[in-house]
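We begin with a single chain expressed as structure tokens, specifically the form predicted alone.
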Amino acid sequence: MTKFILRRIVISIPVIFLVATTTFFILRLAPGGPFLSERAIPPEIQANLQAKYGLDQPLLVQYGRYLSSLLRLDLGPSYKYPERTVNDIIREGFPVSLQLGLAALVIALLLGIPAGVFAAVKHRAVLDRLTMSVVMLGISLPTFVVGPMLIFVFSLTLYWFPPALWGEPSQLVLPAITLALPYSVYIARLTRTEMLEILDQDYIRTARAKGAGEFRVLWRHALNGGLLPVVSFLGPAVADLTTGSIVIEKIFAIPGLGRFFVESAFSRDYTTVMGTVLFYSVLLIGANLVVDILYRVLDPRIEYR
């Protein structure tokens, strides 16, 4: 296992380098620039800004300086927020997105796994069809529809939760539920499909023949194998959830990292876009590595060679 983890870390280095290089040249080759706006800037001021941030240098010189800074874990200054660096923006925005994403992940697991198990146990029954119909409804409604609906019902009608802003635990509930619903649907469908296959295995019939109760059969013998596809799905899902959703953050006025990312893309803030893309990539690689480790925990028969 140790050799496997070290090998994955070593392999990740060229992947991160490729992501950084691709993002750098795509942004530089795209039309526009960080200091071009609807209001014209005097040429001398624009030239000073270009010189200050090194944008007047040849492209390969800029690329070399960027890689040099990257080796020092310095993502550079933000062009849109000159008083802050990209490291500061990630340090400020990511904890907010992380709280929202982890809360949504817990809700998605609490909703999706029991729903999938229940649908598998009641296979082809009315309750199975009803459960999967509710699941499909959850995936059909986009978050920009679910979010305002929850605000209308639970904030403006029942007055249970605040409609927006950030800082109190109650302000986390509605955005976390909105973000969790699509993922809970995928988890429910994956759990149901895998549980249907596992419940027909010989060792499940053996456990029942020995007198094990249905609850013990499901949660002790079947669920470990039934969660393997869910664990595979959680790799990219965790990275996606913890980076937050710009739609959710806009609806509920949440100061997460996704908001900075989209605003920097519109304003051609090169360093912020490159820094957040690189940060997302590292997060995704780390999440997939954790998933591979959890595979061995859930199924000791799996060997890494």
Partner chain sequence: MKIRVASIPQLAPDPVISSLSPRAVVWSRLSRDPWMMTCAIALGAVLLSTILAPWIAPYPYDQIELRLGASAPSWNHWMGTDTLGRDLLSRCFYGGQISIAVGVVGTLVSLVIGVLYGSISGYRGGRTDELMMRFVDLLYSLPYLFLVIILLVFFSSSILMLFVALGLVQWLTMARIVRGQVLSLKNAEFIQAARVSGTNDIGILFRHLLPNMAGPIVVYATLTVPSVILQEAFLSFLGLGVQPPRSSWGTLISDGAGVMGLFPWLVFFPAIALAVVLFALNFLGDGLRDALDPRQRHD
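Positions refer to the first chain, counted from 1. Everything quoted here is computed from the prediction, not taken from an experiment.
Note that the form predicted in complex with the partner chain isn't included here; everything after this is about it.
- At a distance of at most 4.5 angstroms from the partner chain in the model of the complex, all three residues I26, L137 and F152 contribute at least one non-hydrogen atom.
- Proximity of L141 to the partner chain in the model of the complex: non-hydrogen atoms within 4.5 Å are present.
- In the model of the complex, L284 approaches the partner chain with a heavy atom inside 4.5 Å.
- Within this chain, L294 is remote from the site of the partner chain in the model of the complex, having no heavy atom within 4.5 Å.
- Though the partner is left out of this view, I251 does reach within 4.5 Å of the partner chain in the model of the complex, counting heavy atoms only.
- Counting a residue when any of its non-hydrogen atoms is within 4.5 Å of the partner chain in the model of the complex, the hits in 267 to 284 run R268, Y270, V273, T276, V277, Y280, S281, L284.
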